[in-house]
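The data below hold one chain only, encoded as structure tokens and taken in the form predicted alone.
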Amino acid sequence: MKILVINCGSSSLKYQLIDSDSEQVLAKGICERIKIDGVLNHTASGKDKINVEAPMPDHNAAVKLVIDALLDSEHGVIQSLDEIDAVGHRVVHGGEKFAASVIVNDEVLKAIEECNDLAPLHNPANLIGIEACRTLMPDIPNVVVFDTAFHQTMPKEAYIYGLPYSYYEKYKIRRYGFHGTSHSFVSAKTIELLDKPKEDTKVIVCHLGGGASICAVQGGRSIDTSMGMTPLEGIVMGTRSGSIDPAIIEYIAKKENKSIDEIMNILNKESGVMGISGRSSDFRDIDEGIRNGEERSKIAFSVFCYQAAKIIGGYVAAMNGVDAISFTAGIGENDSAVRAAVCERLTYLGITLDKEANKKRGELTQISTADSKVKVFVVPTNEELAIARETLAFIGNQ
């Protein structure tokens, strides 16, 4: 079976066409600058990469360009849309309504739309992509895979905030967690690498990228994670503040004469590693800044690694132990200095880092020594493959 995976952002659309039998990526690409001037980068297996500049006034136009690329006689990989068995979509927020993947219908779309307030930057764009696929491929089933679904196994002590309980009852204000497809994929792979039954495993996954979250996975189930009701909570990130004293919002608003919307924009887009360093949200630039002796780059690096280690330590306590820690995503997979700095704060767990193994980038590797009491891995994430697997499992059960 062939599964088309769609991941829509507000001005971009990433896609992969995956053969579910072999899990081979037949084609992949990204549409960028949607609503501006439009660029499609498309790569088919065994063929040259192509770049297509074309008007993309909306996501419908972007999906149409993707379909045209997949069907193209020279650069495509299918001859008819009938070869696509299903489309799998990433949706960031499903609230408490969805603890698993679902097939798209009008009722599901309405429920996703009701979660827009919880993820205003993500859910509306996800919905646009779903509607575009339904319009252009009306006979192909669409399946939604939620970022929040994996974390629906968290116990109440992990997700209830210290607010009047009526706010949870009325508005479902609680911690939800994100990066669920990544945490699910990486934790499952990590468990495979451990020589013990799944139900006895205790794993911590560090999804460290521009957006970053850490997840405690016990017996294959998420029991806690660092992001909250929105992706703003938790560890300091590329441009997001992470967890802060909530009174700071009022304090800055009064001092700077800013509205709540303006403060939230600062917390989401001008803070984090970018705000601390004054240089960049990209750790490659931060590493360069450190080499150049820039003090604020050093501070940003240290804050990020310190907070990651602190959350990991908290999750060791939550699970009363840990068997393995896995690093994933852009920073986790590629920045050896971050991994080393985090692990240096975890030697009390009996972790010993293999310095040569830790130099590797972007490949499945055990970076702890053979005698390390806790195993440490780099496990490349593959959210598109995770979505394809979820989609296949769902339509296979219909």
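Note that the structure is a prediction, hence the values are computed from the model and not measured. We number the residues from 1 along the sequence you see.
One more form of this protein should be noted, the form predicted in complex with a small molecule, which is absent from this view; the next part is about it.
| said: To verify the annotation, which of these, 49, 35, 361, 355, has a non-hydrogen atom within 4.5 Å of the small molecule in the model of the complex? | reply: The residue in contact is 361.
| Pick from 367, 31, 331, 342: which has a non-hydrogen atom within 4.5 Å of the small molecule in the model of the complex? | Of the candidates 367, 31, 331, 342, 331 is the one lying within 4.5 Å of the small molecule in the model of the complex.
| the small molecule contact at residue 210 in the model of the complex, heavy atom, 4.5 Å | The answer is yes: residue 210 has a heavy atom within 4.5 Å of the small molecule.
| task | Verify the contact flag for residue 150: yes if a non-hydrogen atom of it lies within 4.5 Å of a non-hydrogen atom of the small molecule in the model of the complex, no if not. | result | Answer no; every heavy atom of residue 150 is more than 4.5 Å from the small molecule in the model of the complex.
| query | Heavy atom to heavy atom, is residue 296 within 4.5 Å of the small molecule in the model of the complex? | reply | No, residue 296 stays farther than 4.5 Å from the small molecule in the model of the complex.
| According to a 4.5 angstroms non-hydrogen atom cut-off, is residue 281 in contact with the small molecule in the model of the complex? | Yes.
| Among 93-101, 157-165, 113-121, 210-218, which stretch sits within 4.5 Å of the small molecule in the model of the complex, heavy atoms only? | Selected range: 210-218.
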